[in-house]
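In structure tokens, the next block holds one chain alone, the form predicted alone.
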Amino acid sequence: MSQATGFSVDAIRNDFPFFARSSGTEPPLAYLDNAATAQKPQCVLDAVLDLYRDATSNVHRGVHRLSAEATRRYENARDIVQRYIHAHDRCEIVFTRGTTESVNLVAQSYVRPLLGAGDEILITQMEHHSNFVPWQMVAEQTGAVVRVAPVTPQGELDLDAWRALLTERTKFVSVVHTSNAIGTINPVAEIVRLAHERGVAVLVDGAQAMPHQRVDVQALGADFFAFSGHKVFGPTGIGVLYGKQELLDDMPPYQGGGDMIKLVSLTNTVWNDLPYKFEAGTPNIAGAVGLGAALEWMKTIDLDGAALHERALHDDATARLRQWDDVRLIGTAAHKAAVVAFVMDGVHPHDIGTILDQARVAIRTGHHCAQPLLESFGVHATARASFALYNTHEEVAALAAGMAQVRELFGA
């Protein structure tokens, strides 16, 4: 039981069939790769199965009852997302394949038409590649320039340097809420405020923030907010782009095809209303329904208690890893999520991950789609343990025991 009233890790784990699986004589698997994707509660599995079993049909297109039921569940999921992130209107919720597609949509549909030669897009060095590469692509297409604010040796955004890069040439700002690679939580509300003082719109990559805290997009003030379903205990292949209605109204569609039109003639096409003009083709209906179930489940969680629990796991793992002089932590920001990235002298992170896997501990190794960030620390790859609200101190102990095996095998 966490010290926080109302939060019980045992009760949380009971909601996840993954943790009830028997492994025979093997010890249970410690799943510490939550920044990559999260496990799914039973209610999400049920919602997806129920849709396919009872309401398999396409949405928005049919007059028969199965189509109506599939449409009802799909649109109900949109309403759930709207309420969960406190969007002003349901039309501001666009379903995408994930954060990556959401960023690309904004890059091509909103930002590209704004840009000319010499204009600037301001991002940070800690961005995931999905919030880095789309801006490089748009810059190449338009002659604009991508400006990158640096991070400190602790892995925090250098806000003074960021302010200095925000100039009259800045046409757009994009920033990660929480770093997937090192867990740093950025002061996004302050960043939005400063950008808006110059009349510059902001996109927030919220993929890693959503599982750990309540997000209110109106309070945050961001013009766009993107996240992925599978990070927040929902299915893969589904994501959300929130955008302010007045901005989405003026944006041209990102893709053409079915359902994003009202009328097609030989010479002209009339776009559909929001949000459908951005949802070309048959959508991921089951993914949206599963995401809705995941967010409804999240509403029942004491997230303040969960945050305290996750912080305790982070501090426990940090202390255990710091006992060894040949292990170096990467990213030690004061304000961060429960992500612990590290390297070990003379041992490649992939070897660490392989040995830990044999010890029934699942972590992520590599550059974590954040190569510019890792380069600032002078490394090409790290081992990363990322915790969720269902992880335990016993799993932290398993991580430490596995690392002891790594050190023994490599003669540390």
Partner chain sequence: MSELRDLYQQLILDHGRKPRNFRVIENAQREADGHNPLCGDRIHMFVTMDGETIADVSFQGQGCAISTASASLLTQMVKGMTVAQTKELFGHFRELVTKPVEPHESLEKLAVFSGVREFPMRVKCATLSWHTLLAALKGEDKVATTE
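Note that this is a predicted model, so its numbers are computed, not measured. Numbering follows the first chain given and starts at 1.
Although not depicted, the form predicted together with the partner chain is the subject of the following passage.
- For the three residues Gln42, Leu45 and His230, a heavy atom within 4.5 Å of the partner chain turns up in the predicted complex in no case.
- The closest heavy atom approach of His60 to the partner chain in the predicted complex falls outside 4.5 Å.
- Among heavy atoms of Ala70, none comes within 4.5 Å of the partner chain in the predicted complex.
- By the criterion of a heavy atom within 4.5 Å, Thr354 is counted among the residues contacting the partner chain in the predicted complex.
- At the 4.5 Å threshold, heavy atoms of Ser8 stay clear of the partner chain in the predicted complex, well away from it.
- With the partner chain left out of view, the stretch that reaches within 4.5 Å of it through heavy atoms in the predicted complex is, among 383-391, 47-55, 344-352, 31-39, 344-352.
- Residues in 189-205 all lack a heavy atom within 4.5 Å of the partner chain in the predicted complex.
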